Structures are given as structure tokens and as C-alpha cells.
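Presented as C-alpha cells, the chain that follows is alone, the form predicted on its own.
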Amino acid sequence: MSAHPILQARGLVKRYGRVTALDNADFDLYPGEILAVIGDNGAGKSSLIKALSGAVQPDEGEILLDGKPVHFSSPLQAQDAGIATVYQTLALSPALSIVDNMFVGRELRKPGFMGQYLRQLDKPAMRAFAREKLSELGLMTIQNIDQQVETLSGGQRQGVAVARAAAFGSKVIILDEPTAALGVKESRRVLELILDVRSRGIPIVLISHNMPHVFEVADRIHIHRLGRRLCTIDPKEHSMSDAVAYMTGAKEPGDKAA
């Protein structure tokens, strides 16, 4: 693992009136790793992810991408910088096709006069690109990329959302509870998809309440408590019961904490 994090946060503070959601929170994501972020309800992990993805602006602290300070005023700015977030609700348009969802906001125009002046879309190029990206991630069960997203299974929809995030030069992908609404078989496919994306060199932040999934795929686990990072642990050296005890305050991290 590289000695230098690709995405960092130092001393993040976010207040909502008298409630402090982030209290000098730190964060480190290294190239090529899957970092799980876990925490009890109200621990502040959602606020941390929203700050990293541009959905909220911290009151204090700084965020660094590739070692350089960044300031995101919206998720679109974070996305343009290379931080793509796939939320639990997926943010897909059910009535649009897979291709249209892949390219929403990034549509390809036909070359020359037809595209420049008449604004006609290059549908064949968009279809070819979408098929290539879905195939790269092993999503071969999707036969017709012109079918509407609402006709797909939950696992297939999650696959389209992840493929869209991975397709456009993302430096970091944040996955918010990607298996929460899925059955056992579809959850297994999404976990394989996460490992496929990591194998392509894209680091992943995985937010999940599912401890078996976290311990199966994560390289490190960031434990968030009371608005800040309590510790990071190696899932090979700690048990699930250790992680839950740290999250809830029943146990304090000892010498094994990273």
C-alpha cells in the first residue's frame, strides 16, 4: 500500500445548531484499498461521507485529494474532481434506459455539423461504451442495454450505478450501504463487483452495517464514534465482536489498533 493517502481529511468539524456531527474528524484512504467506514447510528459517519463527497461543507478542517487541499461546494464538483458516490437510493432514473443512465449529464454528440449544431446524440458510440464498461465489470447478465432501469433486479441496478461511477475516470468511489436492500445472491454479486473495481486500481470507501460483508472485503476498517475517528483496525487481526465493542464504547482500542 502506498505511503501517501489519495484522500484525506484533517480536523473536520460540522455543526447543526447545537449538535456537533463532526468533532475534529480525521480520515485516510490509500490507493488501491477498500476502506470500510462503520459506526453506530448517530456517530457522524454520514456527515463525514457527505463532507468528503461535497454534499455538505464542513465548518472547520480540510480535505486533501492527491495531497492537495480541495473545497467542494456541491457533489458535482467532487465528481468532477474524481470522487464518485453511489448512494443507497442509487440516484438512477427508472424510466430511462441503462445507456441513458450511464451518460446522464455526459451525453456524447455526433461528430461534425450534426452534433455541434443540431445537437444530435451519438447513440451507437454511447451503446458501445456502456456495453464495454458493463462487460469489464462482469455484468454480462444484462443483455439489452437499451432496457429501462426499472426492469432490472436490485443487484443489476447497483451494478449499473457502480459501473457508471467507475467508467468516467473516478479516483475514488464511495459506496453507501450497497447491499442493504438486496437478497443473499444479489449481495454476493455486488461484493464481487466491489472486488472487481478494486482490482482495477480504484480505491473504495464502503459504508455498511453488514459486519460479515465488511470483514470479507475490507482491507482496513475505519471506526467512527462520537463524531470522530476512534481508530482504524485490520480485519485480519480483529474480530467482529471487537469492532462492535469499539463502535459502542464497550471496549477501547488497545495496542492492536492501527
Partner chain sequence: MTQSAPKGQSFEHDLEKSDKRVASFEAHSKGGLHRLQHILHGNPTLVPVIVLLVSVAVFGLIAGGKFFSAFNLTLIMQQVSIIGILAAAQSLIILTAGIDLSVAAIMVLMSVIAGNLAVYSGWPAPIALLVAFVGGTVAGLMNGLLVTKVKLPPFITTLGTWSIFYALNLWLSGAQSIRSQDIDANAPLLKFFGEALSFGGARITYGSILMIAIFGVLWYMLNHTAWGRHVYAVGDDKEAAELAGIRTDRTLLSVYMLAGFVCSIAAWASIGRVGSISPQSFYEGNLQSITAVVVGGISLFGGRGSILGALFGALIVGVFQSGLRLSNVDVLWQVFAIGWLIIIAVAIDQWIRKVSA
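Positions refer to the first chain, counted from 1. Superpose the two forms; the largest set of C-alphas matching within 1.5 Å is the rigid core. All values reported here derive from a predicted model rather than from experimental measurement.
There is also a form predicted together with its partner chain; it is not shown, and the following applies to it.
- Message: I'd like to check something about A128: if you look in the predicted complex, is any of its heavy atoms closer than or equal to 4.5 Å to a heavy atom of its partner chain?
- Response: Output for A128 is no: heavy atoms all beyond 4.5 Å of its partner chain.
- Tell me, yes or no, whether N144 is in contact with its partner chain in the predicted complex, where a contact means a heavy atom of each within 4.5 Å. Taking the distances in the predicted complex, the answer for N144 is no, it never comes within 4.5 Å of its partner chain.
- So in the predicted complex, does G42 come within 4.5 Å of its partner chain, heavy atom to heavy atom? It does: once its partner chain is placed as it appears in the predicted complex, G42 has a heavy atom within 4.5 Å of it.
- Message: With a cut-off of 4.5 Å between heavy atoms, is L96 one of the residues that contacts its partner chain in the predicted complex?
- Response: L96: yes, in contact with its partner chain in the predicted complex.
- Task: Output the sequence-ordered list of residues from 109-123 with at least one heavy atom within 4.5 Å of its partner chain in the predicted complex.
- Result: Stretch hits, in order: M114, L118, R119, Q120, L121, K123.
- Message: Once the core is aligned, does G115 move its Cα by at least 2 Å between this form and the one not shown?
- Response: Yes; that C-alpha moves by at least 2 Å between this form and the one not shown.
- Taking the rigid core as reference, does G154 move its C-alpha 2 Å or further between this form and the one not shown? Yes, G154 moves 2 Å or more.
- Task: For I98, state whether the C-alpha moves by 2 Å or more between this form and the one not shown after rigid core superposition.
- Result: It does shift by 2 Å or more.
- in the predicted complex, do the Cα atoms of Q156 and S199 sit closer or farther apart than here, given a shift of 3 Å or more? Farther, not closer.
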